[in-house]
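The form predicted on its own is given below as one chain in structure tokens.
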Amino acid sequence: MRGGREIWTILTDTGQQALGLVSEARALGEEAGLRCCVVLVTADEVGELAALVGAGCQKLVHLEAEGREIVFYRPIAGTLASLAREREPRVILLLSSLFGRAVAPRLAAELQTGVTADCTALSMSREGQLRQIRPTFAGCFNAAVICRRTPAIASVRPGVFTARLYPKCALSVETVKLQGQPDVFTLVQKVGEGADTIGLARASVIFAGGLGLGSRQNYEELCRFAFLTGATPAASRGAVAAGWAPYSAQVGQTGAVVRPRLYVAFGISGSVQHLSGMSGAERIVAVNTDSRAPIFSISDAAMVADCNRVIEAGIQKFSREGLS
């Protein structure tokens, strides 16, 4: 494939994470002279498009699939590959959701090109190639990847990009039917995934715990405090590695990227890897016994104190007010 004049964003919804990726695609497209095209894979009819247009979408392709077919990734990837061969987009972007992680490698294999997963930043090179940044070596380094074939395919971590507002434009819309037969697998039951990094990325208030909490029991007390106040519990990589919290709660380069209104860090020193995942918060409060902890340098409020005592005091206060 030679690489045409479009940059694609493949989505299954039009939520805030998706709109953020559309805005980033539009920005990249303007830099490289590419048209921002959204390929929306849904079982529903295309409804209100104002949000997509406002986020930067210039063209919409609706890949129509029945509800049960959305989980059959092979025919979806095959249909997308046929479209890509015909229209030759230069770049294809997806969110690192369950859908994106399943479709991106299949699509890359169909098109015989490369794919970079879990990107945390994107840019265009002087030659008009997609420059993809992702953490590597357990988050110790960032790798810059350029795919020398087209289309360049990348999946992006939820929460990395926020939606911007673009002027209204005339939007061309077309509908494409899913091609091919259902997958070789039979869907027996679909089980909810529960809390995941996408849900964490949408949280408005986050209470995060690190190794400074001292034990799993203390992390569970943090979760209780979060429940009483309506916050979402999260954890540093160290706390997850210690087995105190599930990976779905991890914030940082190798976890979720979050942008809450309030981020409270309990017992987290603030490694570069962790800061890259939460520094976009509107307000940051840090509680740590070490007055030289790096996280204090980016905090709006700092408390040099035993984080477990602060959590205990918070639980007692809200319990007295009848919120337990």
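Note that residue numbering follows the sequence shown and begins at 1. Just so you know, these numbers come straight off a predicted model, no measurement behind them. Here, rigid core means the biggest group of C-alpha atoms that superpose within 1.5 Å across both forms.
Keep in mind that the form predicted in complex with flavin-adenine dinucleotide (FAD) is not shown, yet the notes after this line are about it.
Exactly one of the stretches 223-231, 89-97, 164-172, 236-244 approaches flavin-adenine dinucleotide (FAD) in the predicted complex with heavy atoms within 4.5 Å, and it is 236-244.
Remark: T289 counts among the residues lining flavin-adenine dinucleotide (FAD) in the predicted complex, judged by a heavy atom distance of 4.5 Å or less. Interface residue remark: A313 is not counted as part of the site for flavin-adenine dinucleotide (FAD) in the predicted complex, having no heavy atom within 4.5 Å. flavin-adenine dinucleotide (FAD) in the predicted complex comes within 4.5 Å of no heavy atom belonging to V22. Contact check for P158: every heavy atom lies farther than 4.5 Å from flavin-adenine dinucleotide (FAD) in the predicted complex.
Checked against flavin-adenine dinucleotide (FAD) in the predicted complex, the candidates G212, P75, G114, P135 yield a single residue with a heavy atom inside 4.5 Å, and that residue is G212. In terms of contact with flavin-adenine dinucleotide (FAD) in the predicted complex, the residue from G29, G267, G56, P260 that brings a heavy atom within 4.5 Å is G267. Using a 4.5 Å heavy atom cutoff, none of S82, A102 and E110 lies near flavin-adenine dinucleotide (FAD) in the predicted complex. Contacts between stretch 291-307 and flavin-adenine dinucleotide (FAD), counted in the predicted complex as any heavy atom lying within 4.5 Å, involve A293, A305, D306, C307, listed in sequence order. Superposition of the core reveals a Cα shift of less than 2 Å for L40 between this form and the one not shown. Comparing the forms between this form and the one not shown, the C-alpha position of G114 differs by less than 2 angstroms, with the core used for superposition. The rigid-core alignment places the CA of Q58 less than 2 Å apart between this form and the one not shown.
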